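Below you'll find only one chain, the form predicted on its own, shown as structure tokens.
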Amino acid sequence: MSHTHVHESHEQLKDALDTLKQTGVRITPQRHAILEFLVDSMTHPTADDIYKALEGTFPNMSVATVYNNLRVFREIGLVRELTYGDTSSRFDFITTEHYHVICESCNKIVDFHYPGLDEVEQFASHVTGFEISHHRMEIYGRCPDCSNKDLH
């Protein structure tokens, strides 16, 4: 069940759009674009970042529009708002917790789920006093295809 990151983003976007449909939120081209940007972004953008990225495509969109749409997404549980001190909120597309194994030969990325790691955040918070927003873990190795090539 390997798939590339592009495919994974596409799946997540599709799920998000399905959720919008189920909750009766109209999917406007702007909403679609904002969601797509969030799904593809690994950096937890601010409303302003999203606005700057999309203003070329939607000249009549304002930062307020972006923010209002993000609020809608947050209320239906698609996005979480991360606040760091007094800087602008950043927005994070909520995915189910999963981790990546990355092949060092062909760069293939495979997802796997490992629920046991949820406690890592609580532990980190307990030990350091940090308010933890998320964690990421990447595991590197060689995929079966590349390992088999070595044998022949």
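Given the structure is predicted, the values throughout are model-derived calculations rather than measurements. All residue numbers are counted from 1 along the displayed sequence.
This next part talks about the form predicted together with the DNA, which is not shown.
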Taking Arg26, Gln30 and Thr65 as the candidate spot, are all three within 4.5 angstroms of the DNA in the predicted complex by heavy atoms? yes
Just checking whether Ser89 would be counted as a contact of the DNA in the predicted complex - the rule being heavy atoms within 4.5 angstroms. yes
Decide whether Met61 counts as a contact residue for the DNA in the predicted complex under a heavy atom distance cut-off of 4.5 Å. yes
